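The chain below stands alone and is given in structure tokens; this is the form predicted alone.
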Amino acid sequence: MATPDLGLIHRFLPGAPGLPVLLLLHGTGGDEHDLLPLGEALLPGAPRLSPRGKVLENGMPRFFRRLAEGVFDLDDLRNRTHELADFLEAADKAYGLNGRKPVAVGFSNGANIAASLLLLRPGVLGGALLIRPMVPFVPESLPDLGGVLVQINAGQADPLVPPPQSEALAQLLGDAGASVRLHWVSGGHALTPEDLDAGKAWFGFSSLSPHAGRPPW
């Protein structure tokens, strides 16, 4: 079956209808294949939707432009965030997802645009696992993120994202009403087995545990 043209190169792998759709958002230099194994490991059997960022930085795909390390092109960030949200709405129709709000699993640049989605298009995501994110921007007014579940995996020795950045993002999303858990891993900016373990535990508590309330996705 040919992949439909939804504006972004992507992969979609169908899964169990009772599980949330995972929106997999790669880091700088990644592509639509990178996080597929992570998604399956985090929540086996879940549908996986994985787009490729359209911006190239020295030939490496990203989801939005930056002016320097840690300095974002905010106009491009906003435009690309709306482009991604529109892609998700088109994917919902193309793949018959029946309005299920996806749960973002984003790493680095992918985590940053997922955070931007929460702030700019708050009705699009049902939750997010953000691995090594920064504050993408501070909105003039906070969206209503009541009922949205978010976990931030921050690296204690991350040379690119200082701890105050992770704490500020957790505070920002919490102030908007999201239920935020900030989890510290012992590594730096790279993905570690601890990220997988913490992510699996978060998904198990938030969506699969019989003792947990049903999440919004």
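Numbering starts at 1 and runs along the sequence shown. All figures in this text were calculated on a predicted structure; none of them were measured in a lab.
What comes next is about the form predicted in complex with a small molecule, which is not displayed.
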Answer option from 28, 171, 165, 192, heavy atom within 4.5 Å of the small molecule in the predicted bound form
28
Listed residue that, although the small molecule is not shown, lies within 4.5 Å of it in the predicted bound form (heavy atoms), from 182, 36, 55, 160
160
Within 4.5 Å, heavy atoms only: does residue 88 come near the small molecule in the predicted bound form?
no
Just to confirm, residue 125 within 4.5 Å of the small molecule in the predicted bound form by heavy atoms?
no
Can you tell me if residue 44 lies within 4.5 angstroms of the small molecule in the predicted bound form, counting non-hydrogen atoms only?
no
Using the partner position in the predicted bound form, report whether residue 116 sits within 4.5 Å of the small molecule, counting heavy atoms only.
no
Looking in the predicted bound form, is the small molecule within 4.5 Å of a heavy atom from each of 62, 72 and 134?
yes
Please determine, with the chain shown alone, which of 102-110, 88-96, 142-150, 116-124 has non-hydrogen atoms within 4.5 Å of the small molecule in the predicted bound form.
102-110
